[in-house]
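A single chain comes next, written as structure tokens; it is the form predicted alone.
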């Protein structure tokens, strides 16, 4: 049974989260797929666990950074595809607790989230490269693959049982048909027995939100490194998970950082579709979030302190209704319409043509400065704007309207 409407409302109001990809792969610093892409032998990869003892893993600092950035929940990689667990598990010795670090990083992370009032999200990979049967597939090695399925179930239920209240379970990579060959008539959900597992998860964690990557649709969809152009199902939540640069796990040579403006634009675009924005950081082997990531997050946080009203808990609309001028996104909440301008209008006047409602007032959201409004047929002129853009990032105009915002189509 999917999460309740109250929990989905909670998720919508959170809007912005921090995704954290971190594990053994941060040591070679070539990204989280290093073990697979370079066909690293099992004994060679497992030896990395003897070197994984991060001096600067301070989850409280991660959580405070997320909070300062205006993020309201976090999602942490308890286990990625490489099979190394950042939590205590009785089903394997390949964990941070039983190797060099001697620490349960998931427990420390979850405690830090709660201390800062952030939602606790756990990422857990369905597939596991630490099992040779994974590379043979369920048809060639049915017994070995069944062992992986049991392992997947057992460890998921450990995470759901031993770490207090978990708000979000983010599965990944259940559908590996393209890698391992076809599974006959079975779906990914049938191969992994995902429906059965998720029913047990919900018994242990009532109200938890589960994403769609176990092979079951569950509570919300998770498009990766893309912002949905439109909301396909108005009754369903979505969360765009996006990297800060080009990599999920720490990659030393990846300096393709998104600008602060690009992050704000993606966040407001997500919000305009009633979609959450999960922005990833990849800490290094010592547990340090790259300075380039931290700098941008602090700047986004400053912007949200002034403009967060336009982002958190916004309503869900069809974006094409609001393609008013190409200057930015349009968001709605109750009887407010928020124009998020990335380009700045000339002569201090912005023109809006797609709103049907009578406009009661207009102001700059960041400082409350009042603006003028004049309607001429379907055209609405918003005046009194500064001739030069006030600040380097998106500027938000708050329109209070009469009634629920409605679009005025132009044919």
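Residue numbers count along the first chain shown, from 1. Quick caveat: nothing in here was measured; it's all calculated off a predicted structure.
Same protein, other form: the form predicted in complex with alpha-D-glucopyranose (GLC), not shown, and the subject of what follows.
Enquirer: Is there any non-hydrogen atom of residue 350 lying within 4.5 Å of alpha-D-glucopyranose (GLC) in the predicted bound form?
Expert: Looking in the predicted bound form, residue contacts with alpha-D-glucopyranose (GLC) do not include residue 350, since no heavy atom lies within 4.5 Å.
Enquirer: Residue-level contact is defined here as any heavy atom of the residue lying within 4.5 Å of alpha-D-glucopyranose (GLC) in the predicted bound form; does residue 296 satisfy this criterion?
Expert: So residue 296 does not count as contacting alpha-D-glucopyranose (GLC).
Enquirer: Is residue 81 close enough to alpha-D-glucopyranose (GLC) in the predicted bound form to count, meaning some heavy atom within 4.5 Å?
Expert: Answer yes; at least one heavy atom of residue 81 falls within 4.5 Å of alpha-D-glucopyranose (GLC) in the predicted bound form.
Enquirer: Examine residue 21 and determine whether its closest non-hydrogen atom to alpha-D-glucopyranose (GLC) in the predicted bound form is within 4.5 angstroms.
Expert: Contact with alpha-D-glucopyranose (GLC), yes.
Enquirer: Considering alpha-D-glucopyranose (GLC) in the predicted bound form, find the one stretch among 371-379, 352-360, 28-36, 61-69 with heavy atoms no farther than 4.5 Å from it.
Expert: Looking at the partner contacts, the answer comes out as 28-36.
Enquirer: So which of 170, 303, 73, 105 reaches within 4.5 angstroms of alpha-D-glucopyranose (GLC) in the predicted bound form, heavy atom to heavy atom?
Expert: Exactly one residue meets the criterion: 170.
Enquirer: Would you kindly say which of 152, 145, 123, 238 lies with a heavy atom within 4.5 Å of alpha-D-glucopyranose (GLC) in the predicted bound form?
Expert: Contact with alpha-D-glucopyranose (GLC) in the predicted bound form is made by 123 alone.
Enquirer: Mind checking whether each of 252, 257 and 285 has a heavy atom within 4.5 Å of alpha-D-glucopyranose (GLC) in the predicted bound form?
Expert: No, the candidate spot makes no contact with alpha-D-glucopyranose (GLC).
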